[in-house]
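Let us start with two forms of the same protein chain, each given on its own as structure tokens and named structure 1 and structure 2.
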Structure 1
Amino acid sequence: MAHPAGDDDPFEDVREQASNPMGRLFIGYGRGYVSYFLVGVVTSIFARLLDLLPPVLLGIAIDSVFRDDVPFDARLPFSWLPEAWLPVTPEGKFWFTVGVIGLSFGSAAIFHWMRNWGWNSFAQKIQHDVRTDTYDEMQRLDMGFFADKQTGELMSILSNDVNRLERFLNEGMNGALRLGVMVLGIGGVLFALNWQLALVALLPVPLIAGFTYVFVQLIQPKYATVRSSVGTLNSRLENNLGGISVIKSANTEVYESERVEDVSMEYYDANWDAIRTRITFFPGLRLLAGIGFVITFTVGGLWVFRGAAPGPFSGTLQVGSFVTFILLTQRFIWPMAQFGQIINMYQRARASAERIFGLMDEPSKIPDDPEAPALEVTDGEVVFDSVTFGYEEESIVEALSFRAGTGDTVALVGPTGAGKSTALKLLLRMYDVDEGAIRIDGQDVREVSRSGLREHIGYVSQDTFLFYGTVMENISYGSQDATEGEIIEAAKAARAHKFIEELPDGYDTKVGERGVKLSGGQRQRVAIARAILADPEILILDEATSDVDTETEMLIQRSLQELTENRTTFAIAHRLSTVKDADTIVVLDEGKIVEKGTHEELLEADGLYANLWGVQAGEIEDLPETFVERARERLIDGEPVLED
């Protein structure tokens, strides 16, 4: 089924591929909590049946106590009781009826509490499992998936959609069972009292069923559109809140307000379309239910008033029976009208379930065999063997071949967009190579478990991300068993200890969302301390000191020299002075290796590396015109840069 918002819904395809989402919800998750489900079902049945007793007992009191038209022991449910239990005097019958009514209310209250406990436990536990499983499946997907999706869309599924399932499992399931019990129970009582008048009361039922069917057909695609527009709105808000500093500095508050207004209006239009259908449907149901009630009251009232059956009807109708009939008919018709609410809730839950299970079923482009062995690092030798990778038809790196021996430092340099970061993300299996292979101590990284691979590799990115929490928690992230002393030593090695001590709460200082309370250089030093603490056999430094001043960079470089002395290290740098002492410098341009060697060898070769070095040394006038022209073309063409 295509939906209007399909062009803006990144989950449209997976949503449509989600097979039997509600069945999966109940079978896959519900069977683990059958005991709570049964408590909810059984207690709901008893609670609803007890709710029917007071109107029935009221009719008995009118006919058998106050009017004495019908024998007390001839009316259900008293006809089921032993005759010795029943009183014989009018006053005794009155107080006996009062006692049974009071007992029914008290018992119903207990069963209603148990009903709520059962349904809420069932719904909450499933909600917890679905949310954690969805997140677990999502975080195992490859980075290409996250490149195509917005955070707000994913948050909408993990929060709004999962919560909508919980509401249906609690309120919707409870309401559906209540509807079934009330309809069957009341229908049984009505037919027992007067089957002819019961048929009159049931006249609106076929109309209500047909009206509800039409509603379901209309509302289902509209709710799918609403769910899509919610995700789009969340994505816009999440984007803007995350980039609030850019918005303020660029003075684009008015522009962003207009963009938020646009997506909010899209949500408004989609939601209002569904609301118009819903608010038309429910009054229509009430009207049908009301007509049925009026007809039943008219026929029954004439029957009692005249003392004879009107029209084609036969027999007699007692006053008490008529009062019971009217009270129960109202309880019968209104649950039928509420059937639309349950269908409405079900359709919203189904739309959410499609998105949830669609996300769960999203295949990862990087398969991870659960039986794959863990990586065994002995020497730490890393070999890139004719590695090629690209996005769709866009080639990013092509035929990369180089080797990092035990304890070697290999630097990757080149213009922006040359493919340096992508090459090392392939080593981490953030993506999988299209051709060729990457081997660590002879083991293809695709043939070992991802977790076993990554626990041996430390990665410090130029885009330093810190989690909301304390400085100490961020340094120890990934090494949660580290002692406080080990954390402090790692911070000292990263030249971070001094500034941390000067923070308001030292190592217990909260860094804020994404580390916003720290400067860029401070965040990088915390990230380096994290890598030092992890003590991996292979280390990747992706512009690890790009945000620190020259003096701090010098001190950090000394620490990194100690850190990298006995481990295989890969370093990406635009500031070539930081990698000139590397054992091998690999120069990339447009995804290909154009030069390879030591600093001195590359300067002597007088190629791209020598020109880049000349730029940073301030020797602009000595650069060849072809190099300058090439740089100008990059700037003018604005060639796409997917990864550095």
Structure 2
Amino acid sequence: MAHPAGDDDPFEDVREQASNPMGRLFIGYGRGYVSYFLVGVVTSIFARLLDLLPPVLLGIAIDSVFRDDVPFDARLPFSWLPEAWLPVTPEGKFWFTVGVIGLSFGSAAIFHWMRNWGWNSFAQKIQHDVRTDTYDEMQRLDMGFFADKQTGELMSILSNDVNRLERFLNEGMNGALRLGVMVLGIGGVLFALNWQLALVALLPVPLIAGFTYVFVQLIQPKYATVRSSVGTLNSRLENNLGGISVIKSANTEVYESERVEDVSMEYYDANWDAIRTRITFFPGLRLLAGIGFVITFTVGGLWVFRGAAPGPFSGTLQVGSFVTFILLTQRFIWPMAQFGQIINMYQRARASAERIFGLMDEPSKIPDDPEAPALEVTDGEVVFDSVTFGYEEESIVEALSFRAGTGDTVALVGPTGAGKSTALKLLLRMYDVDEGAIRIDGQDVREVSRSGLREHIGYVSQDTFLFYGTVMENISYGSQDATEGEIIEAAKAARAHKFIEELPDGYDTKVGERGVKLSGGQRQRVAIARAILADPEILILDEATSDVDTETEMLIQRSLQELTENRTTFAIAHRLSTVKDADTIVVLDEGKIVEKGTHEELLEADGLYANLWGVQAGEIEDLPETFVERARERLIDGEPVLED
């Protein structure tokens, strides 16, 4: 994770687009789960109220059962019951109270279970929906978006931010409700028992709320620093583990250990700063609560003790009521301490929701019209008509025009960075052309449905990505209906069958993350088998054989010949020997076509192609000086060879 999902994140542009994110969360996603929400709310209220019952009953037991100071039926909650239900003898009252206490504990347990079930179901279901929707929306975005954003940032939205919403929906909402019920419930009971002492007991409440609020304000920026240092630490570790072979071969273990130590120390410092504030808060809170307790205890105790109201108060206070007071005042503190946390959780959930909905709203630069017709390939003729395109302002390819007729093979050659891959990505509609058009059998690729387009085009690229799974699954990726026989046929055609057979579990061998257990050449052959199996009308081979040894390459070339014979093929290759039989060779340099023709014609013309051919054929001595000069410029001055 290059950047943690903090408030100081690189997704600011995305966040700003999302309006009313919490509303969308509750209305858009919560609507489907109102029943869980209601179960959560109602059972929470009951559970919390039942929690208040034992201290109240204890007060009643003291005043009305043991001391007989106050009539049993005058006390909450019994005053609401019909008189006929209430026992009359002291022992009857005692057992009645015991029964009610037992019942309240038992039913509270059931209500707490239901409350947790309701809130967790509500939060988990929304979490699942939000995550899958965000993934679906993100998957639709154009390649330009992914080139811009770090994978870690997107991962962090899909995991951290979505989890944070879940936390808020579960713990946050639960806490808020508990706070509300406790404040109203306890306040109500206290005022009903003795309003004067209630005022005294509630005196520290605004103070505690204010103290908590200040704490949250102080700690938040500290947590932001902690999060960003976690991000730095993680990206350092991720980078180092990914590049462990470079570290070992460059013998830079000591240097890297120091770098890790530095970022770990930053994390330590940031964390320690936050911890210092946090560990002061809770004792501070206890102190405030303690002061409140002492005041309530003093005023109430004197009142009970002297039998008459102290100071401006009037009336009497019973011991039992006093005990209830003391017990309930204690219950007040912790929900109040959560007050700040709930606000904090809400703010963080809101920031997460902004990022999530911002990502969902991100428009794809390559619109896919759901109404667009599917591509119909009849002859497989592909025409590039004055195509101009740039990733940013600057054009990478300019006014490209060439044509591939039915079954033709067109090779794109030229120096690195000339725009060969870019041109073919435009055909796949990974990006849209800025000017001109690409047409397949007369249909503009922008006017047909995207999935229809890609169904007809096979793509084998220079860096083959294998998904975690078996070799067989990787070959049939995209052709899920293929039979085992077809898969093996395709592997044979790609000259992959033999090495696959030799793997520990043959076709069922699991290839690791990114297929690391296979060599580059083996991976490429799996990718070629994948393309053969998909049997597309149009094929793109982007350096498809760059990673295989010359012998295998020759074998693959043969099978590729079979493969490409009846379909339109575009091949990018650095090794010109692999494309010399192409029907047309298009030579690109700095985004422009400099030459076009067959191998023989181009050798005849004696231009860039002839020079490149010469280099590969080992005739460096015979190259014109201007060519060597330009190559040097391109590699040394033009594109820095060493990047810092």
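Keep in mind that what you see is a predicted model, and the values were worked out from it rather than measured. The term rigid core refers to the most C-alpha atoms you can superpose between the two forms while keeping them within 1.5 Å. Numbers follow structure 1, counted from its first residue as 1.
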Check: Between structure 1 and structure 2, which should be identified as the form predicted in complex with adenosine-5'-diphosphate?
Finding: 2
Check: Superposing on the rigid core, do we see a C-alpha displacement of 2 Å or more at Thr569 between the two structures?
Finding: no
Item checked: Core-superposed comparison between the two structures, Ser228 Cα displacement 2 Å or beyond -> yes
Notebook entry, point to check: After superposition on the rigid core, does the Cα atom of Gln217 shift by at least 2 Å between the two structures?
Noted result: yes
Notebook entry, point to check: After superposing on the rigid core, how many Å does the CA of Ile291 move between the two structures?
Noted result: 3.1
Next item on the list: Just grab the Cα shift of Thr280 between the two structures for me, core aligned, in angstrom.
Entry: 5.3
